[in-house]
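One chain comes next, on its own, written out as structure tokens in the form predicted alone.
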Amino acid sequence: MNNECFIFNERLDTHLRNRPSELEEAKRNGVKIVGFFPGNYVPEELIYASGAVPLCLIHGGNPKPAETALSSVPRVICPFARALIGEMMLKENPFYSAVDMVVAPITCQHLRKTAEIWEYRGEPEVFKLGIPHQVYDGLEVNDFAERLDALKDKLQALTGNKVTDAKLTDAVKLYNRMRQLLRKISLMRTSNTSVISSMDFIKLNHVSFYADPVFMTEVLEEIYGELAESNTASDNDAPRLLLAGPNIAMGDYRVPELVEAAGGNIVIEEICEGVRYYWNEIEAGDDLMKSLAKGYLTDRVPCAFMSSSAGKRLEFMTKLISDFHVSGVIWYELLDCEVYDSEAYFFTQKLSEQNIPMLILEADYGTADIGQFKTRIEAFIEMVKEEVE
């Protein structure tokens, strides 16, 4: 069953259509728009508390922007990073065109290069947010908190507003509520009755990065209530799958679509970029900046670019496999994403020890590999079905 309640939620649909014009009106009234690259390392709470509008720049899947970027970077830069560059160059996406400043977390080398290209072109202003690549003794949290303090100073200078503890506390509460609701909706998928598909859940995440957060939280409350009271959920005996990988961009939906068409059921995702990290909340202490640093750096599962991250992500993935009754894993990585590519063998080996098969798919944003994907996904799902039976 594919419950599409939120996609056709009239309030959400109307809000998203009108959002670009709302942002234009806000800019005319002096409100600043701050974009940021995905990966869940940039605290939206800090941007929101400054009076600016946070926008996570997550479009991908369309080959045109990725190809456009080849005039500035080589093809060895991953498709999503190239899409970020291409969208900036084309100036066709109203969300990207609206931003007054971009916060670029320095994670993998591809996003580092993206930040440099945006900075070189000089519009908009780019703030590079250094992300510690290893966390051993807690000193990195202090370093990251200092970098967030620098970001706060930059936001205050941009907006002319002071980020007070009261404003930041309210922002933390708002985004914590959004995470709580996404977690509740996601956990509904632990049962064998389908109330929301993976495609819908991923799209819901994507919308949350562009919508007004107060409005989005209200709609999530509404959606959660509708799903909790739904009488249309049905048993689903399709193979239960986990989707893992570095990135699911807004518009890059072919893998979930092909899985669904082949009779598979993705019930949970372990994705670094493009899906909001909703498993943990920010624990607001006396030092709010340090609370943000801790919440965004150490209280979460690390992405593959971080040192010694594979073991922690394997442990987390193993728990997801158990909690969501998963029978197989689809590992979807983008071409030239070396950090995930280098770990694919490790995860394949470790998951095989648990009798969990894993299919590795590697793609650009072109269409040439769709037929091959379709064949491989269908064969994988049939294999999983036979093993489950």
Partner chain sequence: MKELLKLCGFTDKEPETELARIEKVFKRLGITDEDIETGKQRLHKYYDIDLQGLRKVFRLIIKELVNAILAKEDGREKLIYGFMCPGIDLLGSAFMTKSDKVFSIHHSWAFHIVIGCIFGKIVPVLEDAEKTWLKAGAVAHCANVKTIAGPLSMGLFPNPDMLVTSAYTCETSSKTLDILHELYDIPVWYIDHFKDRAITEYPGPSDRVAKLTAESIKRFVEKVQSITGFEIEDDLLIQVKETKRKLEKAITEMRKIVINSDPLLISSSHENIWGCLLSLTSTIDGIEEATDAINMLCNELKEKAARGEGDVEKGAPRVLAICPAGQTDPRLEYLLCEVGIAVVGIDFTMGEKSKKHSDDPYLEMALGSQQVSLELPPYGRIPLIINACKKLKVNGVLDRYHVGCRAVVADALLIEEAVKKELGIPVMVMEWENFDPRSYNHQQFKNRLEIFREMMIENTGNKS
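Positions refer to the first chain, counted from 1. Owing to the predicted nature of the structure, the values given are computational and were not obtained by experimental measurement.
Although it is not shown, the form predicted together with its partner chain is what the next lines describe.
Visitor: Is residue 280 close to its partner chain in the predicted bound form, meaning a heavy atom pair under 4.5 Å apart or at it?
Guide: Residue 280 lies outside the contact set for its partner chain.
Visitor: Answer with yes or no whether residue 143 is in contact with its partner chain in the predicted bound form, where contact means some heavy atom within 4.5 Å.
Guide: Yes, contact at 4.5 Å.
Visitor: So in the predicted bound form, does any heavy atom of residue 173 sit within 4.5 Å of its partner chain?
Guide: Result no; residue 173 lies far from its partner chain in the predicted bound form.
Visitor: Does any part of residue 128 reach within 4.5 Å of its partner chain in the predicted bound form? Heavy atoms only, please.
Guide: Yes, contact at 4.5 Å.
Visitor: From the list 121, 91, 162, 319, which entry has a heavy atom within 4.5 Å of its partner chain in the predicted bound form?
Guide: Contact residue from the list: 121.
Visitor: Taking its partner chain in the predicted bound form as the reference, which of 255, 117, 223, 178 has a non-hydrogen atom within 4.5 Å?
Guide: Here the answer is residue option 117.
Visitor: Within 4.5 Å of its partner chain in the predicted bound form: all of 19, 50 and 212, by heavy atom?
Guide: No, none of the three is in contact.
Visitor: Residues in which of 265 to 273, 189 to 197, 282 to 290, 299 to 307 have heavy atoms within 4.5 Å of its partner chain in the predicted bound form?
Guide: Going by heavy atoms within 4.5 Å, the stretch is 299 to 307.
Visitor: Mind listing which residues of 54 to 79 have a heavy atom within 4.5 Å of its partner chain in the predicted bound form?
Guide: Contacting residues: 70, 71, 72, 73, 74, 76, 77.
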